[in-house]
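So this first bit is one chain, no partners, the form predicted alone, shown in structure tokens.
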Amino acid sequence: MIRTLSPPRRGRSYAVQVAREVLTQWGARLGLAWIGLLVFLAVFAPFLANSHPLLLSQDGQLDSPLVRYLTPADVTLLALFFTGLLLALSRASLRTWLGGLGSVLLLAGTLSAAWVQPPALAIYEQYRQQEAAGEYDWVVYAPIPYSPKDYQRDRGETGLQPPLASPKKDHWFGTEENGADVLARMVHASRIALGIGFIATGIALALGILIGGLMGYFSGAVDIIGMRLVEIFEAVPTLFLLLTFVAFFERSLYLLMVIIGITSWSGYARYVRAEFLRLRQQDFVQAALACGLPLHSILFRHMLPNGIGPILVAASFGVASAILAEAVLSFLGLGLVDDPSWGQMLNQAVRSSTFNWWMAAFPGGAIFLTVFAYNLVGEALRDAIDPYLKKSLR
């Protein structure tokens, strides 16, 4: 009898082990489910809430105004989503993820900016008027047939209507002060929340890793100067720094991401500094020095992967803090001017003489659930990474 030997099974990587331990906790599952729902809403927002018909037939000719009005950002998000889905199904490595998403972001962003050019003027009421006049053979709308900037001028005064108070009972979350549908604005505002959360945290993480890595590796005078810089940023309240930057610069989405990012890097720098101080005397670092490897290779290819655990935990909490910071600025009237934001809608709950409960309950609930979800994921990630906590729980 001839026995065939199967190839030896490869051990699970550390990242896979951590991911499985995180997913064993019900809090992390709930948090990831909510974050996944927000990602889905952010990516497919134009197809979920839009005044432009998804598909219509006029005089026997098919047309899709919704597709014609897609922006370069819409196309780029769709490309990133489906690329991430393919990478997840193929169980790609982290390096493949970063390289694939980075390449798609660059390629899709460049091509969509050059080729995708939606009409400059959007007249939302024309579709309702033409449908009422019987000019369409048939028309298919999005599940929420309102755009976030559709103020329904053709329907008279529609501002601040409670949920299901309109004659057609089609505003499930009511309307805001200008007459726009609250649910449609909340769906599109999920893009603002996730975009600011991830990009602002990415900026803060990059600054913190760079400055903290240099402090921890060189120590001495570099460490002293870097720690004084960290203490200066931590001594000034973050909200005061945000208000100062916003007051001097134009209010835009990208600038808001940068402002939140450069005011919240100090915590990451402390974590990286502590990890690099611990790792700089390890044998593998000394071996890399003896081999004559360049500084960037020692710092970011050898030391950083061995000290990334606490930094990822802090980053998960940092995303929640960035979302909360944007909501606070928008609530104070210093956030985005024209784009929908949860904090901006929350501000409208108390702006008038009466308390508009739906403007507080739904946006406020979304902010709470999002921040809570990231905190749950951060707690689970910390429990999975911290070896001392594992020993104490056994």
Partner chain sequence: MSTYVIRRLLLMIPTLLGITLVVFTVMAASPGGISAQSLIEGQNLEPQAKKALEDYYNQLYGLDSPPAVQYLRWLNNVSPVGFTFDEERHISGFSFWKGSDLGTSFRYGRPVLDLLEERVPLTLLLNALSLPLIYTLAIAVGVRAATERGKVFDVSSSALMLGLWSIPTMLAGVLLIGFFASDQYWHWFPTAGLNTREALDMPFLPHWGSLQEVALLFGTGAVGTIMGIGLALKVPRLLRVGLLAGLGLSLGLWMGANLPGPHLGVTVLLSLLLIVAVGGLGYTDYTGLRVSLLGLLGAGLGLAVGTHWGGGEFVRGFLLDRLWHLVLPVLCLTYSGFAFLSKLTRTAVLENLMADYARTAQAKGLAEKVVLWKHVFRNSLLPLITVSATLLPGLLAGSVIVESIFSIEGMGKLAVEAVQTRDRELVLSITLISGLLTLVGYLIADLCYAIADPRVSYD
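Positions refer to the first chain, counted from 1. Keep in mind that this is a model prediction, so the values were computed, not measured.
Below, we refer to the form predicted in complex with its partner chain, which is not included among the displayed structures.
Sole residue of L32, A360, L336, L41 within 4.5 Å of its partner chain in the predicted bound form, by heavy atom: Exactly one listed residue reaches within 4.5 Å, namely A360.
Which residue, G102, P119, P237, P294, has a heavy atom that falls within 4.5 Å of its partner chain in the predicted bound form? None of the other options qualify; the answer is P237.
May I ask you to check whether I232 falls inside a 4.5 Å heavy atom distance of its partner chain in the predicted bound form? I232: yes, in contact with its partner chain in the predicted bound form.
How about L37: is it within 4.5 Å of its partner chain in the predicted bound form, going by heavy atoms? The answer is no: L37 has no heavy atom within 4.5 Å of its partner chain.
Could you tell me if L304 has a non-hydrogen atom within 4.5 Å of its partner chain in the predicted bound form? Judged by the heavy-atom cut-off of 4.5 Å, L304 is well away from its partner chain in the predicted bound form.
With a 4.5 Å heavy atom cut-off, would you call L376 a contact of its partner chain in the predicted bound form? It does: once its partner chain is placed as it appears in the predicted bound form, L376 has a heavy atom within 4.5 Å of it.
Residues of stretch 315 to 334 in contact with its partner chain in the predicted bound form (4.5 Å, non-hydrogen atom): Read in sequence order, the residues that approach its partner chain (within 4.5 Å, in the predicted bound form) are F317, L324, A327, V328, F331, L332, L334.
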